[in-house]
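Heads up, what comes next is one protein chain in two forms, each shown on its own as structure tokens, labelled structure 1 and structure 2.
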Structure 1
């Protein structure tokens, strides 16, 4: 018998109002599965940090409940603190001592037994690739090294849940990649649940099992990255039609014969994985759910009708588009806008 999926974090109607006026969280419902990497994606000021600080027992919610492995973050806060690791958004290590010493102090605070202490510390340092600089003063570390040291501090106790508030903020792409590779292998080894905040879409896309998008204190979308992308329904395939005479005539007199198209358009629309199709300016846009399946069939239809193709371009929705759509920050001329308009041809 398959056992039920274990839940790491369960949040119900969580609300936080700062100083009686700022509605930072507005009834958040969320469930994070154990041993998942979960990304909370949202624009600045959307409440990501607030949610993480509530989950890490830093203050009380105005209303609602949240549990970490069954422990209430308000009532059982002491127990919650024992099973979580946390890296705040801001810098959080002492810079006037060495990297090793930072971990040593935390090892002592957490009561790692003295026999295991050295090993745990070096393991954590190694898993973040810091073993060579560990005995140098943190003052002399680069931003990326400091971030990795902070994560190493949080890994020290092998927490059941690791909370990371924008873990790769300010890191260059290769440093980001290194951090994530280290985190993944750590997660694999210890089955840690990772909950991270970010506004890097690609990070959520590449590394998370599930994503929630938060906007103005509300979860506006939840699912796996590919589910979210699919929720936009569409991949758009644009076919630039070649005029048969293009090669011989002056380009200004050449145009695809529109009268040929209505029938074809109908036939393409009739294909069962095609959601919509539209034609203008010698470009045929077809909205499909899955381009890999739809493309051969569409080409077949076009070929039967003797239509020559000049170019095919496919636009897949990225998590950016999802983000821009649900976080309500669409700006003209972004990919999201084009896509949105394109999917609008169905109506």
Structure 2
């Protein structure tokens, strides 16, 4: 029998009201599995930071319950703080001392026993790839190295949950990648649950096991990045048509004869899973729910009409599209708008 899934964070109807009138959080329900990397996405003012500060015992909720590995963040706040690490957006290290000295200060703050401090510090430095620069002044570190040092400070106690508020904000792509490679290695070694906020959709897509989108204090969408992208139910498959006499080593842009187009479109639109279709010059754009299911049927229609294909290209929704839709920042596109945009991309 499969073992039960361990829950790291459990939130039920969590509410936070400021000044008796501003609902920063409005009945949030959320579950995060142990040893997962969990991304929380949302526009500015959506409640992301408030939720993280409640979970890290900095704020108290107005109503509702939140637990970290079974510990209530209000009633058991001291126990919660012993099993979590937290890295805020703001700089949380001193630049006029060395990396090692920064961790030594945090080791004392966290109450790491004196006999274990040196090993704990070097473990944390190594886990973030900073052991070679540990004795150098932090003011000479790059932005990425400083962020990794801040995370190393939070990893000193080998937390069961690590909270990261915009962990790579302002870093260049190579520094962001280095931060995440080190985090994933630490998570794999120690089974730490990582809970992070970000505005970088690619990070949520690449590194998270599950994603939640919060807007106006409510969780509006939850699932894996793949599930969220599929929830938009739209994918464009573009078929570049070739002339029947085309030499495919030097393909022509000639399309099917114009008299054939209305009949082809009618048959394709009649297929299951096809939402719309249109010709744009020598390209047939088809909007479908699921490309893997629809593609063979579309190809069969084209084959039966004697249409040769030069190239097939698929365009799927991105996590940016998901965020913009569910965060309420734009309305879903109509099928006509999707086809029009697809045409514009090629021009």
Ligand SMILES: Nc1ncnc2c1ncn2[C@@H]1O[C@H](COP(=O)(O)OP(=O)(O)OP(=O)(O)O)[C@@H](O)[C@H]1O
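Positions refer to the first chain, counted from 1. Remember, it's a predicted structure, so these values are computed and weren't measured experimentally. So that the term is clear: the rigid core is the largest set of C-alpha atoms that superpose within 1.5 Å between two forms.
Colleague: Structure 1 or structure 2: which matches the form predicted in complex with the named molecule?
Modeller: Form predicted in complex with the named molecule: structure 1.
Colleague: Is the C-alpha displacement of residue 288 equal to or greater than 2 Å between the two structures once the rigid core has been superposed?
Modeller: For residue 288, whose C-alpha is compared between the two structures after core superposition, the shift is 2 Å or more.
Colleague: Core superposed first: is there a CA shift of 2 Å or greater at residue 269 between the two structures?
Modeller: Moves: yes, 2 Å or greater.
Colleague: Please say whether, between the two structures, the C-alpha of residue 69 moves by 2 Å or more once the core is aligned.
Modeller: Shift of 2 Å or more: no.
Colleague: Following alignment on the rigid core, what Cα displacement (Å) is computed for residue 310 between the two structures?
Modeller: Displacement of the C-alpha, rigid core superposed: 6.0 Å.
Colleague: State the core-superposed CA shift for residue 113 between the two structures, in Å to one decimal.
Modeller: Shift of residue 113 at C-alpha, rigid core superposed: 2.5 Å.
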